[in-house]
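Consider the single chain below, provided in structure tokens and representing the form predicted alone.
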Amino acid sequence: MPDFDVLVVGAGPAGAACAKSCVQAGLRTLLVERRPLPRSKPCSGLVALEAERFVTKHFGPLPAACRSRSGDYTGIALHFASVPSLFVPGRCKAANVWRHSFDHFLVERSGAEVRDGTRCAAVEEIPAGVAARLCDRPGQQSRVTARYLVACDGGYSKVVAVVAPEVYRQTAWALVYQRYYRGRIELDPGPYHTFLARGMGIYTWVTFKDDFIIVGCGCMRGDRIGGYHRRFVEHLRSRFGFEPKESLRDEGCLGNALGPTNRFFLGKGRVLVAGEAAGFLHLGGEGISAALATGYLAGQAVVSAIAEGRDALTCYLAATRHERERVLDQWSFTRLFRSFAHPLALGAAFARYPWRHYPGLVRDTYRFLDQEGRGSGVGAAMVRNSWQRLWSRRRYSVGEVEQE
């Protein structure tokens, strides 16, 4: 008899949602997290309306202690190289949370047994399911068996790297990095700010939390992120009067390009994969809504498999088709505005934007995408996704990684 019905690896939104789904069905559930809880996470902490509704329904209202004192997000501000910025207001505000508090709240409400400071070092199939070797920080090891394992351990999943190493050999990688500052900057603290300017990486952003200014950027793996970040800081100094007084801490992580390129990896055998580990990431890095949804669906697939004798991976593949198409819509030029997890007043934003600047907006956007996106395969994938949805009027042929 296995020690647990399900072992969930990773205590982010996907892991907490999966654990909640399993515990509600009466399954013996163990949730393990590599770092001691509560732990930080490189993330804007934008909880879209769709995600907040999910949390309220399954975990309860967001505690005030999770929210940033600087206020919730009022929309998105797009800054261009040669034309005025475009502010796209939200139809309602989006919660601005600290991820260490938000994730810990979800984990505590999941009801699962939790082991933090514990990493999953190895996974193997056994007749009764899976066996995992767990290591805690003092170096002690233990062997835990479960009928199913669900990997929810982020963009670079250690579980996926063990059970299906070919997945990560077939995808492009991005490195994202952000630094916390105290100082001043001539930007409204309400919106999420992103900048379409060349030479500063594939993605740049500025957000505000409490009295911190958070400056971040991303680049393809193998590039030097430090140079991009320095150029971005200088851009903020010259264009937006950025005056950093104090630098406090750095955060970074790797992200895969499985989703945008339609090569999702949902699992293998009795191992399911959810959240960003499987490729569920929306344009702009919004992944909390998809993580909650897919984590919960993975848990439900396990519940169905145990209760009804069905194949968990087959159930999960069918249940996540909508979420996979949602991700592909986000990485489509023609559908992304219709697929946001948070309602935005796009029509009003473009109606207010001066018509004489539209050519410059298009030019700046094209130049940014043409330079910064090369080598990732994402640009070609966005064109392909756009073609499928616009001209052929067909649903996507939702793909998966070919396994060796």
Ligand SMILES: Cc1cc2nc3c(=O)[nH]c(=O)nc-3n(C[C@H](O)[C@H](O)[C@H](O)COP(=O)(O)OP(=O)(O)OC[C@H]3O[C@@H](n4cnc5c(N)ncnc54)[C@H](O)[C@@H]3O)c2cc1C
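So that there is no doubt, residue numbering starts at 1 and follows the sequence shown. Being a predicted model, the structure only gives us computed values, none of them experimental.
Quick note: we don't show the form predicted together with the ligand, though the next part is all about it.
Exactly one listed residue, out of 232, 87, 205, 105, brings a non-hydrogen atom to within 4.5 Å of the ligand in the model of the complex: 205. For the options 154, 267, 259, 201, the one in contact with the ligand in the model of the complex, meaning a heavy atom within 4.5 Å, is 154.
In plain terms, the part of the chain that comes close to the ligand in the model of the complex, with a heavy atom within 4.5 Å, is 30-38 out of 30-38, 361-369, 346-354, 61-69.
In the model of the complex, none of the heavy atoms of residue 162 sits within 4.5 Å of a heavy atom of the ligand.
For residue 18, no non-hydrogen atom is located within 4.5 Å of the ligand in the model of the complex, even though that partner is not displayed. The shortest heavy atom separation between residue 378 and the ligand in the model of the complex exceeds 4.5 Å. The ligand is not drawn, but in the model of the complex it has a heavy atom within 4.5 Å of residue 118. For the partner-free chain shown, 9, 10, 11, 12, 13, 14, 15, 32, 33, 34, 35 of 5-37 come within 4.5 angstroms of the ligand in the model of the complex, judged by any non-hydrogen atom.
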